[in-house]
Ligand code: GCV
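Just the one chain here, the form predicted on its own, laid out as structure tokens.
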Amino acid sequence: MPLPVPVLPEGVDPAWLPPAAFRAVGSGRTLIRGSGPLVETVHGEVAEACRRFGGRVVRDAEPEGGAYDLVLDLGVHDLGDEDFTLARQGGTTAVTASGGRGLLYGLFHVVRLGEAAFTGERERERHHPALALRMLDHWDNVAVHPVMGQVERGYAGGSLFWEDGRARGDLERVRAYGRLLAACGINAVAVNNVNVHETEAHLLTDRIGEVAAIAEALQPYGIRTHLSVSFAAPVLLGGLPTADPLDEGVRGWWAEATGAVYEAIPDFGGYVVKADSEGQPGPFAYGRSHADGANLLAAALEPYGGTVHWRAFVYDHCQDWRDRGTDRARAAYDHFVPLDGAFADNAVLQVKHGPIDFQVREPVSPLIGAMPGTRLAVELQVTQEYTGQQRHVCWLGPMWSEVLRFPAEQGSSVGELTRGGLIAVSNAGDDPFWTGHPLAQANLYTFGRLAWRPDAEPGEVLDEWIGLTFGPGPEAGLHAVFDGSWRTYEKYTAPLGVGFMVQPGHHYGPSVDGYEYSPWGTYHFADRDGIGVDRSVATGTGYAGQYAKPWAELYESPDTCPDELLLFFHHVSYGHTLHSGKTVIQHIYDTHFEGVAEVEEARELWASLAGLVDPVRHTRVAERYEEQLRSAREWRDQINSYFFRKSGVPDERGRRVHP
């Protein structure tokens, strides 16, 4: 029986899968061959498209006089489970696959192509995901946390999965979410916060049935469910006196608990663990290493083919701001490089793409090229914690592309070194537009497509999203809105890679000294003479020396360090001349005025698209632009005033800087 397409609640935006996107698929005759749950999902998608647009779909047996516009064929045996081929000959477009996921991805590829999939001739082309795991981490709390709320760092309403302290009773929208994810290539989801509170800890044992219900809703679109767990679970849940990873009783407890998880969710993906970080429990309490902790869980998961994702976000969050020798940027490398080769095969070290915390500009983490004996996954943040919190347009595709193409080790790019997959903190919630800001959907879609092909051109991915979401008409205007938005945001916020300068706690809006005297290790060290953090080997924290050549040499000197990272690696005077020819202080003034002007231009451009965009969507974006412009002006005035007061150097162009 074909599986019906999920029905969205009234008023929920269809995002990049509006019915019109299926017009080409649903207008002709389609033959589907094969069997299995995901084939029934494919059948349901095509049947719904045909119902809308007048086409016809048949299964397996060819009808009399059968000529087909589209053939979806499960049964080719020389492909991986997620692979598919696409060809067009003699008026028939053919998708072939060995596995149900491949057939599903092939169908969505045809949807992306639209009419182009049904014109001309096309030689057989094979499509294969570069990364086997393409996962979203939802930082969702089951119960509303008194500090973190329902979704930590979430800017799109409440959780899609949890409501009133339990799994949602109606999971139809979760199934629709799985559909959106599959359509851009995502194949896994972790359904709860990496900061595991007491309520969430119970999802592993007595509340696993709720996780199973969510997993069942996601399975029709090939999405495997993962769970964030507490390292202290044997103590919290099992009543054991210890969580020591080398204790036989602890090992037995995890083995039994994991077996019960797989009884409830046979295709369960594995665990996500934040340990010995920002107060979360971990193996350090027992004198054990991170490898000991990860391997404990890996052993419990191994019989079932599961994976433990061990986050490398480990640092001293109780730092003395007067101590310039302790450097948060160094922490992941110092903790984990000595353990290279010690992790089990099914243990993945999950590394943030930069060494600090998802800033608008950071260097690529040196850890990524330094552990050849360990499976690494790179973690991105789709939810815009430090890039406008989905109240600002900030398309992150160009940033992520730079990261994934960065030659981290002997010519190998980050994308090639991430054998453990690409992972991102999700930006979706129960908001009618999924991501709060309708244009933030582009970040979620772009992540999925870059996870499938890290070397893809981000502009082409954006073309796909615009075409699917908006249809023909506003393409040029939307590209103009998106293309420079990341650099625009960078211009009016923290300059030259120094990072942070945000309001403490919620991280929205400017506060230049907000973290300057805090224990979090996120400093800019601005004084009357200059600004920046000296991370050189010669005179600073030595962080630059964690990179392989030529990057260690490039970053070591302010004369060779790229301008956009200068203040991340060096403390320089306000009169230091950049490669651009400007002084640091004039760059600060110029970019902050430019950033505001660019937001004003983008707001006007969006207003001009009113007749080409759905009115409800247009109104929400227009409202967000008003907030973005207000915030950009606030950033400009606070940053410029702060550094005018510090440096005493006026803007050479005579613009108003508030004293």
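Residue numbers run from 1 along the displayed sequence. Computed from a predicted model, the values in this text were never measured in an experiment.
Not on display, but discussed next: the form predicted in complex with the named molecule.
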Heavy atom within 4.5 Å of the named molecule in the model of the complex, from candidates E553, E172, E278, E460, belongs to E278
Single option in R153, R101, R330, R168 placed near the named molecule in the model of the complex, where near means a heavy atom within 4.5 Å
R153
Of the listed stretches (444-452, 384-392, 122-130, 176-184), which one has a non-hydrogen atom within 4.5 Å of the named molecule in the model of the complex?
384-392
Would you check, heavy atoms only and a 4.5 Å threshold, whether F313 touches the named molecule in the model of the complex?
yes
Going by a heavy atom distance of 4.5 Å, is K491 a contact of the named molecule in the model of the complex?
no
Taking the shortest heavy atom distance, is H335 within 4.5 Å of the named molecule in the model of the complex?
no
Can R134 be called a contact residue for the named molecule in the model of the complex at 4.5 Å between heavy atoms?
no
Residue by residue through 181-202, tell me which have a non-hydrogen atom within 4.5 angstroms of the named molecule in the model of the complex.
N193, V194, N195
